[in-house]
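Below sits a lone chain in structure tokens, taken as the form predicted on its own.
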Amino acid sequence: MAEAHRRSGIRGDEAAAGWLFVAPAVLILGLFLVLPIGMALWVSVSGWNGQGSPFAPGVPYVGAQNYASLFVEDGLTRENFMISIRNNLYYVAVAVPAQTLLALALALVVNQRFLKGTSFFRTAFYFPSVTSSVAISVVFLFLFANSGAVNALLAAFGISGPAWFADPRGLLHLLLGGLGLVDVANPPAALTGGGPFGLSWWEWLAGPSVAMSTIIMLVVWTTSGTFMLIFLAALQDVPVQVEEASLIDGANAWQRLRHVTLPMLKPALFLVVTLGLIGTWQVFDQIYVMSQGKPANTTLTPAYLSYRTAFSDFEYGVGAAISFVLFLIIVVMTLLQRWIMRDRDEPRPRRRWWPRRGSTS
């Protein structure tokens, strides 16, 4: 009787009450998130032309045909998709480390106790992150125009600035050509042959274009403020006693940063890199406003290609397939980054990385 009374008491109805409280959120998520994802998944394996309902009886089922056109079938669809993957890989390789290092540097600066006006600097560094990305993109278009402020500043030092948003040349090609290692106009025959997925090795090794580098600068500047706050919160959680102990042991500023501060920032670093990976693979609004994939598709990204394929070329199935491939890439890279930054279970003997003060060794 006592056990039956306990089950029927106040705690016995918690499960039903809990489901009752979360039911509105579950309903909204199911209606506006799960259901649209399911519909998009069906579109990616169908030949829907955008007319009527994608679930109408006349819509053909094409299976993996839309996905095959991205990877195995020769044609413009696979070429554009692989170019967008190449562009985004370089975008991630440059933007994620740059915004992470810049955010960490800003956090270390504004975390200094002797710095005056810390509230002003924190607000100033964070302000670009809360400003409309469309508005900032338009400002950058004026700054990097052929007769804009950036080229005018370079001209003051006797440097002729490029046509930033009209220059499709890759930075690696420009570097190799500037060093005299290769003739960019006549690349080595070994690199112009067949490469993976329909692009030559020379095209894969182009590097980010001049136009893409401008967009990278914009994104690094606008995202570093948000990541700065994450690092700043983690820095303020570092125990003061640990830093004082390293000072007593004679550690200098670099040794304290490398062997005391950075290991304690590992959870924050994991969060920043993860958010950076996801954001850089989903870049869309800056591409849409500033370049729309031009020049010569060197700023084309999978997110923008998915939009253009579906709503400009009216190939809704291929556009949906690109979005799901992009989702898979984000998941794989996030899991890979998590595996790389995982905590090792094997305990390692800790040794001091700096000599004790007064030690002769």
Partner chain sequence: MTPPGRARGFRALLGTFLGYAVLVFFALVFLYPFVIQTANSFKTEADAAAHPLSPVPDPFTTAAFTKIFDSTAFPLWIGNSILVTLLITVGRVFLDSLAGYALARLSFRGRGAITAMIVAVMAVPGVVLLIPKFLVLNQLGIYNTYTALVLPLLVDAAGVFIMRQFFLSVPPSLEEAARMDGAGVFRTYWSIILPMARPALITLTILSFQASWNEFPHTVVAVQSPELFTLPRGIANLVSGSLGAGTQYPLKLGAALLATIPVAIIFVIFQRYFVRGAAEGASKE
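Everything quoted here is computed from the prediction, not taken from an experiment. Residue numbers count along the first chain shown, from 1.
One more form of this protein exists, namely the form predicted in complex with the partner chain; it is left out here, but the text below deals with it.
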Practice item. Look up in the model of the complex whether Gln241 has a non-hydrogen atom within 4.5 angstroms of the partner chain, and give yes or no. Key: no
Practice item. Find out whether any non-hydrogen atom of Thr118 is located within 4.5 angstroms of the partner chain in the model of the complex, and reply yes or no. Key: yes
Check your understanding: With the partner left out of view, is Gly319 within 4.5 angstroms of the partner chain in the model of the complex by any non-hydrogen atom?
Key -> yes
**Study point:** Contact label in the model of the complex: Gly47 to the partner chain, heavy atom within 4.5 Å
**Key:** no
Check your understanding: Using a 4.5 Å heavy atom cut-off, which stretch among 193-201, 169-177, 224-232, 69-77 contacts the partner chain in the model of the complex?
Key -> 224-232
Exercise for review: Verify the flagged residues Met82, Asp237 and Thr280 against the partner chain in the model of the complex: is each one within 4.5 Å by a non-hydrogen atom?
Suggested key: no
Review point. Out of Leu104, Ile216, Val96, Ile136, which one falls within 4.5 Å of the partner chain in the model of the complex, going by heavy atoms?
Key: Ile136
Revision key, fill the gap. Applying a 4.5 angstroms cut-off on non-hydrogen atoms, the residues of 132-152 near the partner chain in the model of the complex are Ser132, Val134, Ala135, Ile136, Val138, Val139, Leu141, Phe142, Leu143, Ala145, Ser147, Gly148, Ala149, Ala152
